[in-house]
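Below you'll find only one chain, the form predicted alone, shown as structure tokens.
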Amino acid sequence: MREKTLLLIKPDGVVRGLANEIKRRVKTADLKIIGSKAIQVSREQAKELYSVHADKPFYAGLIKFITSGLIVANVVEGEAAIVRLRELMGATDPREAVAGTIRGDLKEENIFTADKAIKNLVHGSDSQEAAARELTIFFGGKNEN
């Protein structure tokens, strides 16, 4: 099934100049980026994005990290895009991500921020429901070019 999903290149990926490499890997995986923009995430957007983690001890660190610099928000489309993009990204904890994945190949030696948030380069929606909700946060009702 053809799907749309959200891919965020987080501040650590942008600062390290990895946005083009990450996009290249997505395209090489036969997924299409149909919308892309560099933005500064507001606290409101961050809270909405990470609302599912609001009761967790790492929530404040997530909010601080995602709002700490520019991100590149992308709409990715393709057959089974959600699961395929998540496989391409690799394990959430870069130390567990295998070679050939974005997080496995491009991780930093020190993956923690001062607030103990994990610098893991990218965020991707984990379900169709999450994709619909998250795409709206960053692209409104317009999820394509």
Ligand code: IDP
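Just so you know, these numbers come straight off a predicted model, no measurement behind them. One-based numbering along the sequence shown.
Below, we refer to the form predicted in complex with inosine-5'-diphosphate (IDP), which is not included among the displayed structures.
A.B. asks: Sort through 38-46, 25-33, 73-81, 58-66 and report the only stretch with a non-hydrogen atom within 4.5 Å of inosine-5'-diphosphate (IDP) in the predicted bound form.
C.D. replies: Going through the listed ranges, the match is 58-66.
A.B. asks: Considering inosine-5'-diphosphate (IDP) in the predicted bound form, which of 88, 97, 117, 106 comes within 4.5 Å of it through any heavy atom?
C.D. replies: Of the listed residues, the single hit is 117.
A.B. asks: Give a yes or no for residue 51: in the predicted bound form, does one of its heavy atoms lie within 4.5 Å of a heavy atom belonging to inosine-5'-diphosphate (IDP)?
C.D. replies: No, residue 51 is distant from the partner.
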